Ligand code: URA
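Only one chain is included here, represented as structure tokens and corresponding to the form predicted on its own.
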Amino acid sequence: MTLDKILQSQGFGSRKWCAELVDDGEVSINGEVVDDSRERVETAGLQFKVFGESWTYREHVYIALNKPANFECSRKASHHPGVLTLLPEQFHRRDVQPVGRLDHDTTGLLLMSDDGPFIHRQSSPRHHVPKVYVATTHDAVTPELVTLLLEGVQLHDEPAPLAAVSCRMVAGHRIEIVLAEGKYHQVKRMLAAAGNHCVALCRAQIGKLTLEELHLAEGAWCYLSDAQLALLAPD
């Protein structure tokens, strides 16, 4: 692939702009400046620098973000900053988007990618990818609350009761709920239907990938390795 096309595919701008970057000597490969934008380069394992910053060629990006509160999971945020503002601007240009949504006040593990089939697999309820949430409740967690959530609670706009895949008390006012769907405000609405109220919510795990094992500070992100991506597959 020519170098200008490579840079365009990685989100550095239009093909014309990327060609100008190369022609102006702003791109280097293996420590040597490449100033011919039409030079063909092998993409496998390609590492390069733009304006002195190192990058690795990736056909698709798979990202984990530790989402802070008061960020919207939208490419066109309206009331709060969008989660894409936490990533390098190149990702916005290559159409990286959140995999599903977390409410603006919900924190924790959020996946992001520019791979459409991956996004569909992870967000579609047909694939039953379990997601683990830890909720802080207004009233103390009781065995009765856990039982209700496991048996299923009726939400106003659902034809049948919704039940947690698993559920356990973490602390006096904290409860872990595992869901295989991704319905609108599901954890909050299930807790309300069970007679309690969610005051804070964090997604701690998707599939077998845990936020704790990623060691991400709030607002930080990382690329996912092949081994980490494998943890996202349903059993």
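For every residue, the number given is its place in the sequence shown, counted from 1. Predicted model, so just to flag it, every value in this text is computed and none were measured.
Omitted from view is the form predicted together with this ligand, to which the following refers.
In the model of the complex, residue 113 stays away from this ligand, with no heavy atom inside 4.5 Å.
The closest heavy atom approach of residue 185 to this ligand in the model of the complex falls within 4.5 Å.
For residue 201, a non-hydrogen atom is located within 4.5 Å of this ligand in the model of the complex, even though that partner is not displayed. Of the heavy atoms in residue 122, none are within 4.5 Å of this ligand in the model of the complex. For the three marked residues, 103, 106 and 133, a heavy atom of each sits within 4.5 Å of this ligand in the model of the complex. Residues placing heavy atoms within 4.5 Å of this ligand in the model of the complex fall in a single listed stretch, namely 187-195, out of 167-175, 27-35, 205-213, 187-195.
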